[in-house]
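Shown here is one chain on its own, the form predicted on its own, set out as structure tokens.
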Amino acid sequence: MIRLLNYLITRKIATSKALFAPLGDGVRGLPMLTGESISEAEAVELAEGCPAGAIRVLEKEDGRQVLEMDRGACTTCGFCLDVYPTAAIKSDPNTMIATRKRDQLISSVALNDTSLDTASGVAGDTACKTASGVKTDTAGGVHEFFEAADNLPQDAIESDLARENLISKIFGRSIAIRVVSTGCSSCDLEIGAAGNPIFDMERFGMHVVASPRFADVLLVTGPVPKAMHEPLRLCYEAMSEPRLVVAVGSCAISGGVLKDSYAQANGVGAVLPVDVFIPGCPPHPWSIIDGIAMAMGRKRQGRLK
């Protein structure tokens, strides 16, 4: 007993004090468009080589051709970053990458042009808006968080803001989480890591519960194949209002490499309304905590104060 007490007293604190630290050198993050020019030949080769179909060459209504990247479908395989590197795409070290809108994970750049377009339709110059919903310069530093109400009709803005304020009042201090895995062990492991002594999400009021009847938010991983559609609906219906759904990982967002397969595994959005999307394959524990904090209604600036 004395030896155990001595061990507990003398051991160092493992819990990280640096919140949402960027990924370290040599750690691959999600790819992001930089706004640099790219040729049609390069764009086509990238699109053909992407195994998840996260990169595509599209033609706009005005006739312009663009390279489109969907970070909600990206499996972080490294083809665009390592196998076929280009100045138009780089690794994003940011761990605060969750979004409220699915289309905020989609960005595009015109071929042989330096103007970057996002789903919101706003073009960048020296600074560009990326699919992660944060404004970055070419060095990738985070400057500000774009509110979900940007570029929406006034009635939609009022509705979204009213809902966010209500959610913040109810869940701002603590939230109960029911995790449902539909076939993704890697995301499940990262959720487990988010609760370990290093990240310790419970210190932020995030608690995992055993039953959906006790849960405020449904944290879903995996591609949600047809066999899981009805169980997922039943789990959602067992929750009391207000209830939230968070899609964790590329599979849960879009189906990943199983998208449009015979298993009808096209993510959570095909079955339930999704409130927060956390991209990655798998997402970093800080990214998972960031997404849960977003679901709680906490503002990204000073998120966990």
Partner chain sequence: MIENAHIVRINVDGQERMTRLKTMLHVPGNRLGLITSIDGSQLVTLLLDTNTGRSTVWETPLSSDVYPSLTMMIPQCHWFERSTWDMFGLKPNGHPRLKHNLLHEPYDASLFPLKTDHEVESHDTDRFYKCLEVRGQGVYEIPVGPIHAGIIEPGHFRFSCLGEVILNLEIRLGYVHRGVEKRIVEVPLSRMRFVAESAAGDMIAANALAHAVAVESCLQIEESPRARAFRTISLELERIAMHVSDLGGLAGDIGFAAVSTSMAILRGDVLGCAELLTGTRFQKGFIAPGGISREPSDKNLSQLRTNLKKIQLKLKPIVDFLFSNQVARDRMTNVGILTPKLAADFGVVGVAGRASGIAYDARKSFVHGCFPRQNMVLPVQQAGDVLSRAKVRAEELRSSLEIIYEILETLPGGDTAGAHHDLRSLNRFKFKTNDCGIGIVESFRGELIHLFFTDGDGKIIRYAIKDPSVNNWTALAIAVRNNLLSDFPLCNKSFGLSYSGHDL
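Residue numbers count along the first chain shown, from 1. Quick caveat, the model's predicted, so the values are computed rather than measured.
There is another form of this protein, the form predicted together with its partner chain, and it is not shown here; the text below is about that form.
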item	value
Site test, V57, Q104 and S240 vs its partner chain in the predicted bound form, non-hydrogen atom cutoff 4.5 Å	no
Answer option from V66, C50, I38, L272, heavy atom within 4.5 Å of its partner chain in the predicted bound form	C50
A21: touches its partner chain in the predicted bound form, heavy atom cutoff 4.5 angstroms	no
Residue contact check: C281 to its partner chain in the predicted bound form, 4.5 Å heavy atom	yes
Heavy atom of P223 within 4.5 Å of its partner chain in the predicted bound form	yes
Its partner chain contact in the predicted bound form: F214, any heavy atom under 4.5 Å	no
Neighbours of its partner chain in the predicted bound form among 86-106 [non-hydrogen atom within 4.5 angstroms]	none
